[in-house]
Ligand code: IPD
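Presented as structure tokens, the chain that follows is alone, the form predicted on its own.
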């Protein structure tokens, strides 16, 4: 078994283990379980415990790799870097909404290499490795076999790191262009939705890398398109992210890319 296959197998197993840990901790939570990082921005003891689990187990198996997590930041450097969100969609997780997940991505140097997204409350796991295809559970994801529909449904993320006006302008542009949209509150869920063909696009004006890397690998391997800033800048400061079904007509793609280019 190659190291790439070992990395993917381990990431998939750990995502499911981490999901079980998060669900168990949610059931048994006590005082001090939740802390507030900012307006509508929460961190739980489960976020921290899951990230610790993932960091320790991934680096024990691959000590030469680097690691970047939402809660603990960057540790080590290597040709491979794990980029992890222990619980993406913490508010959903806390409230019992199913749209939250464990997101484990891996870069080779600055190239997207592999991604795993596990949705614990839905019991679904998606995985992809560059050049090897994308899968949801055992189903191969291929957007070329799922034509884009006339409904033109997208998922729109929201970040307080850009102005409210920019977010409202994005909504106005989408509605004016004939789109409908949803906001699920979890980027990894939204990106998986594009890879699976449940939505035609995902856009967020500023997305942190741990929210996005795994999902971007899935979309590329499913045949979709992704747009984001230069990888090093993305890792350091986040980036606008636009990911889409490959069958969107040119006019629609121009509209989406125009919205993405105007964010502040």
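Since the structure is predicted, the reported quantities are computational estimates derived from the model, not experimental observations. Residue numbers count along the first chain shown, from 1.
One more form of this protein, predicted together with the ligand, exists but is not displayed; see below.
J.: Given a 4.5 Å cut-off on heavy atoms, tell me which of 185-193, 102-110, 171-179, 138-146 is the interface stretch with the ligand in the predicted complex.
T.: Among the listed stretches, the partner-contacting one is 185-193.
J.: Quick check on this chain: which one of 206, 57, 26, 228 has a heavy atom within 4.5 Å of the ligand in the predicted complex?
T.: Going through each option in turn, the one that passes is 206.
J.: I need to confirm a contact call. Of 83, 126, 87, 114, which residue comes within 4.5 Å of the ligand in the predicted complex, counting heavy atoms only?
T.: Selected option: 87.
J.: With the partner left out here, check for me: in the predicted complex, does some heavy atom of residue 51 sit within 4.5 Å of the ligand?
T.: Residue-level check for residue 51: no, no contact with the ligand.
J.: With heavy atoms only and a cut-off of 4.5 Å, decide whether residue 120 touches the ligand in the predicted complex.
T.: Judged by the heavy-atom cut-off of 4.5 Å, residue 120 is well away from the ligand in the predicted complex.
J.: How about residue 159: is it within 4.5 Å of the ligand in the predicted complex, going by heavy atoms?
T.: It does: once the ligand is placed as it appears in the predicted complex, residue 159 has a heavy atom within 4.5 Å of it.
J.: Residue 221: heavy atom within 4.5 Å of the ligand in the predicted complex?
T.: Close contact is absent here: in the predicted complex, residue 221 is far from the ligand, nothing within 4.5 Å, heavy atoms only.
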